[in-house]
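Alright, two takes on the same chain below, each alone as structure tokens: structure 1 and structure 2.
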Structure 1
């Protein structure tokens, strides 16, 4: 198979996102199966310090421009369109997160290329790329063999990120592009989380609440348990949509991807969008009144019981053990 395997580097605020290494690990497998080289595509305004972190790729294609400093979908898609037209890769793999989610569709539309979204795996069968992807919020899994060149949006968690890291300096190719100095869409700024709020992606222990918490005042019970365990509270989308927790506490494909040592899911049914955000936690304990709740399929331990009945008991146990310690 001709061409190269490209992986778009998701980077913002001066660091490469973990999902990039996951997709690089997948890209390395596709590269080995096709015999094509693996190239990381790095866009930005001052990104030279990020190059040593991309050693899993055979090479890095770098484009620096003032308008690429922040991942604005329209501008990045314009830059990628020029790169793809010029170099004709076999496939471009784009991490599927809030930062880069819109880029693939914009790029594919601009170049009239096949676009497969929400890929959870990619294989090479009979010299053709075959992608497994999720439809309708994960309720349907489809197998797609797109014509190449193609653009594929890849979900987080496809491979362990450690497999996409390497202590090696890749070959770097700097590429200049013709980009507008005054683009039609501009980055204005980030909406920061409330002062004093926690970063749930850095917490080792998370107490997650869903619809089963029933009322906003019951979130306080989860806060008490989290405090006793030395962790933080997060939630599924319905809880955030109702304003019971701030958006910075949402776990899932439209929120944060978390990998704590302990994830305690209270009253969460386990929709695919939520599971994608927490399935890589080291230990998952689910509590739900519905024995058929999908969350039990990813949990290491589970209990079919009302979360509101269990919360005070767990809090007292955690507090008593802290007193003994």
Structure 2
């Protein structure tokens, strides 16, 4: 196997996203297994400031161009195509998020390269690149071997991001590309969400409270945890009935159907009307004092413990660790 291991840096609105470091950590492993060097590929219009954060890579390929300022996938894919053709890497790992969603497909189609989506892990076995992919909404894992060179889309969370962070200035190779000045897709601007109203169907992290939370004051504890985690609070119907949370926060058949990345259920028994509103969450963690509470049959993880005892500790952990990070 010849060729370098490339990782596309997801930089959005002047910041390198955390997922980039996770993928760099993975890239590091692949590079060790193949003996090839690990290169971060940084695209943008003025991104020099970001270089020092990419020390986990052996080198960084940088292309700066006015049209690369925002992640317009069409142009990023075009730029990447030119880079790949010129430098022939073995693999290009692309973090898969809302920002970069289609870049892999666009690029792979341009160059007629194999592309693999939804990778949750990548290994090199018998000199072959083997990826494990999550299919069918996380119900099935497929182990696949693409021909190389290949483009791989990697899901967030493959490796802890700390492993992909290093305070070291890597070797920088600046490459200039010839990109169209008036591309067919033109970026016009961002819009921030209207402040104040939380739409729980759009939140990634939900801290859900049920009757087990016992008192309205305790809802504030959940609010604090949600704030520390960067999510929002929602609840079961009794909590909304009591007026402890507004109706827009009710999860269930007569409230909202949510599919967050994390659903932390505190003191919720797991009645069918509630479960139908949250069962498709990617990760469900339930805390309930009753070991036979039905919520444990839909949760991925559970703990039989007083939610009120766990809440403040978890909030504290979230606050302190986040600050450090």
Ligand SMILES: Cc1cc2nc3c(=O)[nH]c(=O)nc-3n(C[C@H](O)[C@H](O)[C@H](O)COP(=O)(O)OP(=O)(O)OC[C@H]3O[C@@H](n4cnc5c(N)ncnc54)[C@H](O)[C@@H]3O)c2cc1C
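All values reported here derive from a predicted model rather than from experimental measurement. Residue numbers count along the first chain shown, from 1. Between two forms, the rigid core is defined as the largest C-alpha subset superposing within 1.5 Å.
Chemist: Structure 1 or 2, which would you say is the form predicted together with this ligand?
Modeler: The chain shown second - structure 2 - is the form that fits the description.
Chemist: Using the rigid core as the reference frame, would you say residue 17 shifts its C-alpha by 2 Å or more between structures 1 and 2?
Modeler: After core superposition, the displacement of the residue 17 C-alpha between structures 1 and 2 stays below 2 Å, so no.
Chemist: By the 2 angstroms cut-off, has the C-alpha of residue 64 moved between structures 1 and 2 once the rigid core is superposed?
Modeler: Superposed on the core, residue 64 moves its C-alpha less than 2 Å between structures 1 and 2.
Chemist: Do you see a C-alpha shift of 2 Å or more at residue 220 between structures 1 and 2, with the core held fixed?
Modeler: Comparing the forms between structures 1 and 2, which are aligned on their rigid core, residue 220 does shift its C-alpha by 2 Å or more.
Chemist: How much does the C-alpha of residue 211 shift between structures 1 and 2, in angstrom, given a rigid core superposition?
Modeler: C-alpha shift for residue 211: 16.6 Å.
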